[in-house]
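One chain comes next, on its own, written out as structure tokens in the form predicted alone.
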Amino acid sequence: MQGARSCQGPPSTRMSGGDMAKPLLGRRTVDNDPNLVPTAGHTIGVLGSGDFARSLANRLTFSGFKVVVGSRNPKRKASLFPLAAEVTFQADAVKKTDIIFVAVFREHYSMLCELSDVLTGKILVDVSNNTEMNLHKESNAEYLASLFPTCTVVKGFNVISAWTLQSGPRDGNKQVLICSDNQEAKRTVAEIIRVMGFSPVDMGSLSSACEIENIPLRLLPAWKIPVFLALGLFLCFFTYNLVRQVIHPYIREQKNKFYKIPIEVVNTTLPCVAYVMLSLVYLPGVLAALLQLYRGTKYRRFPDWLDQWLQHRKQIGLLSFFCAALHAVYSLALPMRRSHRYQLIETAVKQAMEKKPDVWIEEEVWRMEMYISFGIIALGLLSLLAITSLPSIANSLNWREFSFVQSTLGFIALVISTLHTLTYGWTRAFDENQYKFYLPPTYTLTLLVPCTVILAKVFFLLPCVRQRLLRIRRGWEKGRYVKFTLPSATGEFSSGETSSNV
């Protein structure tokens, strides 16, 4: 099929005379041919004059390479490229280098067929992307390779943007995914990537190009489930709070409190979502530990739903921090509302008319002081967890430090968040006036999952349970038989079997 779509002529025509008689690049090694070593001063070709081609030419020039740009209109496009780059016609650019970046769209590949003779034996680096995932049956790189079978195609640079090429890797570690069926060509392109200041990642053969081309088209794939989970919890708690805080007084007391929806109802909902999401970070670990204790081994796979849950804990935790931070901002904004000012004035007038000189309630003062203090500490710990989840920070920690922050401090944050919730509720759970439409206060519902996680963690701290779980995670299996040797009557050792349960 590739031969049918090839832009090349008959073999005798392609390999006749001069440079056409040279062996293909795939038969040469970098060690034997120093011209293939991509060091500073090496000439690199770029076909195309779009934004990405210009950024690529800039980065290659700044990295010390000689750049030859091939364009259909070199005079008009020359001013768009750096002065150090040579802008010429495509055929001339191809003749001057063995490594060429093809920075044109897939639909324009066929226009390069007229260059098929001079492209023979060259390395073509395909940097293209599609507008939709799996838009074609084959990847762009494989399609390019089918058009030019005498060339070596390497897929790369499609996962980084033109802006990244211009600014370089200063803003973080930028990985460039590459793949090809030719190991020498991959090594050559990898050297160019390193000289440009990026990190090459070998993704295997050219069949991986389809996966690489789909990566830039994915919109936060690891965040889809956590975001939908957070939105689902928000809608549930928002509806529940709306019924209790707005609908109930409107029906029972004919009071219009719809003004509470934008701030108060939202602010009551956000901590519920943050608190439950934080507990959902540690709940799958509890379920996994229980499953290992039940099975008596660590060598059996978890169910797919549990495995997916474990993999999304980071995103769930960051969304929990996001909701908690919004809750803090909304809480600071509560006194700024006009309705709050009216209520303060109304309360002060009532107290003056009733001649109440002292309205100080010691219990309420202590409750609010403790409530706010626990909230600040919990938010601080969540901030620490969010910061250490960043790759640049996580890479500076060893595994024990990272585990201590994410596991130990995270569990402490969950305990303090529970204290924050309990001091908010105080004795309201026993007040029948708090049960609107016979619905319990919202915070009592949020305590279910976190308290379950905390009790399970305490259960795992029991010496008998902790030792058994530790043995399982070190490789012990329930019901496994192990071989051992015993000395016989003659002094020689004989083999036998015993259960590891003994």
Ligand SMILES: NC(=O)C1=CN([C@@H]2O[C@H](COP(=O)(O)OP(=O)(O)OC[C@H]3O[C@@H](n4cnc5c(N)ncnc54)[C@H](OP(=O)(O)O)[C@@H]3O)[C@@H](O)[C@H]2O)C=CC1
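Residue indices: 1-based, along the sequence shown. These numbers come from a predicted model, not from an experiment. Basically, rigid core = biggest C-alpha set you can superpose within 1.5 Å across the two forms.
What comes next is about the form predicted in complex with the ligand, which does not appear here.
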item: Site status for the ligand placed as in the predicted bound form, C-alpha superposition, 2.4 Å backbone or C-beta test; value: open
item: Contact segment among 152 to 160, 192 to 200, 250 to 258, 341 to 349, judged by heavy atoms lying within 4.5 Å of the ligand in the predicted bound form; value: 152 to 160
item: Residue contact check: residue 53 to the ligand in the predicted bound form, 4.5 Å heavy atom; value: yes
item: Partner proximity in the predicted bound form: residue 77 to the ligand, non-hydrogen atom cutoff 4.5 Å; value: yes
item: 4.5 angstroms heavy atom contact with the ligand in the predicted bound form for residue 108; value: yes
item: Contact label in the predicted bound form: residue 97 to the ligand, heavy atom within 4.5 Å; value: no
item: The unique member of 145, 104, 85, 176 whose heavy atoms fall within 4.5 Å of the ligand in the predicted bound form; value: 104
item: One residue of 295, 136, 356, 72 in contact with the ligand, assessed in the predicted bound form (non-hydrogen atom, 4.5 angstroms); value: 72
item: Interface residues of 123 to 138 toward the ligand, as seen in the predicted bound form [heavy atoms, 4.5 Å]; value: 127, 128, 129
item: Residue 453: Cα shift of 2 Å or greater between the shown form and the other one (core-aligned); value: no
item: C-alpha of residue 367 off by 2 Å or more between the shown form and the other one on rigid core; value: no
